[in-house]
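Coming up is one lone chain in structure tokens, specifically the form predicted alone.
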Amino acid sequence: MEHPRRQIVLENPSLGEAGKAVKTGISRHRTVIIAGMCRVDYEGRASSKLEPGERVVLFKPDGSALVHRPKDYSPVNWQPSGSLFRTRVNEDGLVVRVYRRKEHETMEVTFTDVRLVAVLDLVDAGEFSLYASEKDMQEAILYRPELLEEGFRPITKEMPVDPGFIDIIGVDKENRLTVVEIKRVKASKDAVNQLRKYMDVIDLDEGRPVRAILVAPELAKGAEMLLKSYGYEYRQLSPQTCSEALKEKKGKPLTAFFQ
């Protein structure tokens, strides 16, 4: 049945009806969803054959194609954007061939039974904001050390020690060695004890004081008291702030770093 903005939804269509709707949707650069029994054959960088099963197949206006099983979030087969499509119905069923001519890659999806076809005219102009991961927070501090504190100078990152990897080691404005542990979510007692393990390895020279700083957007209940009992420090820093710093870095020309 037809919906506003020329959308089509067919329940339990014949293969001929499904094929016509799919071909129309792809040619008009619509989002096409097919649910039903299919098999998938791939030839390209390697070759694979996915035996028949009930799946959801998604064809996007940018030329990408994804085959999803009822379980798992990742597609079991896929082709990237820029692919070309050919749709036909023959004795094997409804066949959609997705291919990339230059790369000599072909994914062929053959439906023998279709439960649902949806041809949707979707509009999405929303901006996607992905806030920083712990790795991104680390990179933001390396790029702008003042996010941690004024005068901080990073020396190294991901330093391997027996309990794991220290996120950042640097020196403060008074030239004191400083160990930094980063968490992108609320830091718990486990995070404090993880920092303690690193300090047990690093703080071996009684004549040289070593600072320990836990960086996180906030502290969980009990973590602050434990942190103070060890003599460690806390710096509040959010993934959002780090994300903005990285955007600033990305926007700078390469010559801005030649100083």
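Note that residue numbering begins at 1 and tracks the sequence as displayed. Remember, it's a predicted structure, so these values are computed and weren't measured experimentally.
Heads up, the form predicted together with the DNA isn't pictured, but that's what we're talking about next.
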Exercise for the section: Mark residue 184 yes when one of its heavy atoms lies within 4.5 Å of a heavy atom of the DNA in the predicted complex, and no otherwise. Expected result: yes
Practice task
Could you confirm whether residue 220 comes within 4.5 Å of the DNA in the predicted complex, counting heavy atoms only?
Solution key: yes
Practice task
Please check if residue 48 has a heavy atom lying within 4.5 Å of any heavy atom of the DNA in the predicted complex.
Solution key: yes
Exercise for the section: Mark residue 172 yes when one of its heavy atoms lies within 4.5 Å of a heavy atom of the DNA in the predicted complex, and no otherwise. Expected result: no
Completion exercise
the DNA in the predicted complex has a heavy atom of only one listed residue within 4.5 Å, and of 105, 113, 121, 139 that residue is 105
Handout entry: 77, 189 and 194 each touching the DNA in the predicted complex (heavy atom, 4.5 Å)
Key = yes
Exercise for the section: Could you tell me which of 229-237, 28-36, 66-74, 51-59 sits within 4.5 Å of the DNA in the predicted complex, going by non-hydrogen atoms? Expected result: 66-74
Exercise for the section: Sequence order please: the residues of 22-44 with a heavy atom within 4.5 Å of the DNA in the predicted complex. Expected result: 42
